[in-house]
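Only one chain comes next, encoded as structure tokens, the form predicted on its own.
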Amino acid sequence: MQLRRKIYMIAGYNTISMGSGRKEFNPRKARPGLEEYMTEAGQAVLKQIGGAKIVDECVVGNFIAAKYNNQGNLASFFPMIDEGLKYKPAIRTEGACASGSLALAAGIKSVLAETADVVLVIGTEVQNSMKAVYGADVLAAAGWAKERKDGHAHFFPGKFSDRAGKYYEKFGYDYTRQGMATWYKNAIENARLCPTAQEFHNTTEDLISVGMTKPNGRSFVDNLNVFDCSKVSDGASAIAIVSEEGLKKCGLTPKDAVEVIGIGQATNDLTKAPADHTKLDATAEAVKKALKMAKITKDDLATIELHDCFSIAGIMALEAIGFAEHGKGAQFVTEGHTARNGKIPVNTTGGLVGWGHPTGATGVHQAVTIWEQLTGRAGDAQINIPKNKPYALTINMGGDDKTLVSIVYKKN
């Protein structure tokens, strides 16, 4: 299947990913809520595209504000952002941590269906509304609820701790930990180049030593340390999805945009454990679909934004894409191939570990980062995009490899 119209993304914007690590963060002081984050991100995009009057539809991606913030019906916040959005069609998408990319998929499909030429997409989450130990119960809803009672107190770190443990058994503990520590190092170094990143202020010198911290099941989970994990984050990201006609309505040109040339979605059974804990099968399927639609291979990609909710997930995703053979992902990372000057720069603003993980915003944040990189707007985080590799890929995961969206982008 091929896209029947040209689809573009333009005018991306990220708020700060707020949480521990940011100098501004103080759990005892009032902080922005969903309304403030959606307004900041939405107004920033509207300013770039010429205002609300040309927006045809709106989509918001959010995982679980009903529990974190006692707030549902987020689609009705759009008129709050700008009165010009009053009466515009709006929906909310939810697929755990893939909620943001499902919002992008919904916008893409509206443009393909010719019900819209300009779609405003926002992803948002505010998670610092409760202590992390209570938040673990909320985040567990991304998995099968019937497993919660018997699961680890830190439910999702426990899930990926199980994956890491199986990887250690199969391929070696020290070998794997070195790859995971290098992943952490790359994430923090990239985040230091992005002012909106949660780890922007991180000044730790010996990042490898920190990343190699031995996991302690008595204080956390058996096979991951806290540096292997993405943080609790608040924030929003926004972007506009437009047709060729929509691009003209915005007064912008293809050079201001990235073209979407492939999209792949895949879901897996939420009630079943992974067939192989050392593989991300649904990730591999979504990427395969996206690359096939785009008519390119992984070797044509200049950069990737992938879902490193945990460092082991990043390593396994590289194997799922095909950049490393099964079991060789840790080596691929340790050898520097995913660094910003490596064979395939990954997560150039820090990814989930470094930039942050406001769950419903993550998929949109990935798209914004790719838009910035392919249009030369990434500032200090900018990497070289070779002329013979004008393509980029995003992978956004919901749950334990259960809901996946992968998108291929092309520089114009």
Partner chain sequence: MNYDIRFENVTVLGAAGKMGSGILLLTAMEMYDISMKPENKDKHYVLYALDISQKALPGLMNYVQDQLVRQGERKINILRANYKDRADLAYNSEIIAQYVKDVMSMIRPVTTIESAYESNIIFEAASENPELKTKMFAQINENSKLNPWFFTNTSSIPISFLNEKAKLEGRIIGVHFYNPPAVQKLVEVIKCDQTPNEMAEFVSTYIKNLRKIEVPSYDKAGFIGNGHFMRDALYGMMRMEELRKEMSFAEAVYTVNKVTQEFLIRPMGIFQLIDYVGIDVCQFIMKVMKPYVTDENIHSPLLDSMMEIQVKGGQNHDGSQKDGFLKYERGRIVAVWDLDKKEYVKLEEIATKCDPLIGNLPEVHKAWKVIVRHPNKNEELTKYFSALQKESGMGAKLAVEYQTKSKQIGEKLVSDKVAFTPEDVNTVLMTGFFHAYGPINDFIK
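Positions refer to the first chain, counted from 1. Owing to the predicted nature of the structure, the values given are computational and were not obtained by experimental measurement.
Keep in mind that the form predicted in complex with its partner chain is not shown, yet the notes after this line are about it.
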Is residue 322 close enough to its partner chain in the predicted complex to count, meaning some heavy atom within 4.5 Å?
no
Is residue 217 close enough to touch its partner chain in the predicted complex, meaning at least one heavy atom pair within 4.5 Å?
yes
Residue 87: heavy atom within 4.5 Å of its partner chain in the predicted complex?
no
Could you confirm whether residue 177 comes within 4.5 Å of its partner chain in the predicted complex, counting heavy atoms only?
no
Note which of 153, 113, 275, 208 lies within 4.5 Å of its partner chain in the predicted complex, where distance is taken over heavy atoms; exactly one does.
153
Using a 4.5 Å cut on heavy atoms, which of 169, 137, 83, 269 is close to its partner chain in the predicted complex?
137
Out of the stretches listed (169-177, 140-148, 240-248, 117-125), which one is close to its partner chain in the predicted complex, meaning heavy atoms within 4.5 Å?
140-148
